[in-house]
Every structure is written in structure tokens, then in C-alpha cells.
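Read the single chain below, which is given as C-alpha cells and is the form predicted on its own.
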């Protein structure tokens, strides 16, 4: 276990460097030296310092929180379902969270942002129950294939309703169209303040359950033999997944494939022990989204691409490869 954390300092150093690089990149590049000065000795009279603190630092924080949350959620889902294709987006949780937010805060114009993480988590939970129920009712039960197909069906259905709502109410579409593509642009600090405690709680729960998830990943019979209450474990793990997914969606909108890609990358280096997979997924997922957002900002500069589009373009081929390799 201790040896497994040997490369964590390198990962954290890379995360810190990526965080500073993310802040330095933009319409006007800022030297890294200036970034360090702003972070350690802020002077509001210096224009670059003001830009960093008011615009770029919040965006970098959004990337870290959302990337870590979705990566850990994906890792837990893959562990408790023993499904290598499990991901909050593919299995419908993300569209469920998005649907709940759009209907509550867009169509019905509910304005209490303190409830946005809870609303998103509730939508993710309902979608998860629907997907799992449909998969269980299918011939052969909840196999990786039936779960993916059920997730696709729920995602398509809820996505169609979101589109119909926007056609009927153009004002709600104008307000939420960028958010629905998964974007760090315009993400609000007040929502982050309300979501952050839920993220911390979800992460803490994931770390607490990590050892038991490792046992469950080897099979339910093995987990039972080791004294694991499988039903209780799955319930608690799903609470963590729902909370982390809902919190991330409430902050930056739906960002696909992060929860699919990062856990698989992490396993290449740390193996199958979820006591390592969970913290490494959080750190690597945060770094990954920072780098993806940098790409979204510079690849077609001065035009900025929504971050969710870039995650889909990179994650889609990975998903196809995984299907071909595992099914």
C-alpha cells in the first residue's frame, strides 16, 4: 500500500504545474512567474493579478473539482458493477442530473442555487434507478451490454425532452445552452461554494469504501467471504457516485467520458486496489480536465470550444476501443 503511493508526489507536482499553466494560458498569456506572484503575494493594483484572481483562478478550481469528482465517480461505478464500461455519462446519471437542473432552474425558473447540487444529485439518482431497473428486466440481467444500452435509451429519452423544452421556451435555452455542452466558461463561484461540501463528503465516503470495493471487484462471493455487506456497500457507493456526479454537473454541466477514461489509465499504474485507484483517480482526473480545458481554449484561438466537446472527442474513440477489447 505504501509503495503504491510512491509516485503520488510526482502526480501532485504535475497537478500543481498543470494548475499554474492553466491559469497562465488565455487570450492574454501570463508568465508563470506572474502566476506564482499572484498566488503567493496578491496585489489588486496589478492588472494581471486581478485577471488571475477574478477570472482564471476560479476556472482552474472548477476544473480540479469537476475532474476529480467525475473520475472518482467513474472508478466507483466500475468497481461496484464490475463493468469496465461504467461511467456517469454512459449509464445515464449525467443526463439525469442535467435534466433535473434544466427543468428546475431553466423551465420552472427556480432561483435558489443552494439547492442546485441536490437537484442534480436527485436527477442522477432517478436516472441510475431507471437504468438499473431496465437492465435487470432485460434477458440475462444487468450485464455490461444491457447497462450500456439502458443508459443510452434513458439518455436519448431525457435528451429529447430537454430539446423539446428548449424549443418551447427559447429563453431557457439561451441561458443554459453553453452549460449543457459542458463548459467551464461562466461557471459560478456561488454554486461551487454550495457544491464543495457535497464533493468533500462524497470523496470521503469513496475513500472509506475503497477497501471493500476492492473485495467486491473480485466478485460478490469473494466479498461476502471477506465479511463485506454487499447490499450496504453498493448503496453507500451509489450515494457517493450520485453526490459527486450531481455536484460536478451543477458546477460545469455534463462532461462526458472523464469517469470512463481516467480509472482505466490509473489502473495501468497502480493495479486493482481501490485504496489506490480512488485517490489517484481524483488527482489524475483533476489534471486531465485542466489539460483538456487548455486545449479547448487554444486549439482554435481566439475562438473557444466548450470543454465538454473536447472530452467527447477524446473519450469517444477510447470507448470504442474498450468495447472492442472487452466485449
Partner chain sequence: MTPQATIVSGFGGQVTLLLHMRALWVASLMLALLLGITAVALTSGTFPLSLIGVWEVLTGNPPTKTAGIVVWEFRLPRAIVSSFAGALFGLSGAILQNVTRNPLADPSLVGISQGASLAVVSLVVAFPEVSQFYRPVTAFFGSLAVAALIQWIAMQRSDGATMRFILVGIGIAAFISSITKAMLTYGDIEQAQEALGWLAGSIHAAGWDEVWSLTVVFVAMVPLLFWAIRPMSALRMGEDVAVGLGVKVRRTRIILITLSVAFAAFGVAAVGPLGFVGLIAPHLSRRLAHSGIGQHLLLTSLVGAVMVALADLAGRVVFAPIQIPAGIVTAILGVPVFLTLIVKSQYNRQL
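Residue numbers count along the first chain shown, from 1. Worth saying up front: this structure is predicted, and the values here are computed from it rather than measured.
The same protein has a further form, the form predicted in complex with the partner chain, not shown here; the description that follows concerns it.
- The candidate site formed by 85, 146 and 160 is fully in contact with the partner chain in the model of the complex, as each residue has a non-hydrogen atom within 4.5 angstroms of it.
- For the chain shown alone, residue 320 is a contact residue for the partner chain in the model of the complex, at least one non-hydrogen atom being within 4.5 angstroms.
- In the model of the complex, the partner chain sits beyond 4.5 Å of every heavy atom of residue 186.
- The shortest heavy atom separation between residue 11 and the partner chain in the model of the complex exceeds 4.5 Å.
- Using a 4.5 angstroms threshold between heavy atoms, residue 150 counts as touching the partner chain in the model of the complex.
- Listed stretches are 51-59, 295-303, 29-37, 266-274; the contact stretch with the partner chain in the model of the complex is 295-303, by a heavy atom cutoff of 4.5 Å.
- Put simply, of 233, 210, 154, 176 only one has a heavy atom within 4.5 Å of the partner chain in the model of the complex, and it is 154.
- Though the partner chain is absent from this view, in the model of the complex it lies within 4.5 Å of a heavy atom of just one residue from 226, 200, 113, 137, which is 137.
- In sequence order, 309, 312, 313, 316, 317, 319, 320, 323, 324, 325 are the residues of 304-325 having a heavy atom within 4.5 Å of the partner chain in the model of the complex; the partner itself is omitted from this view.
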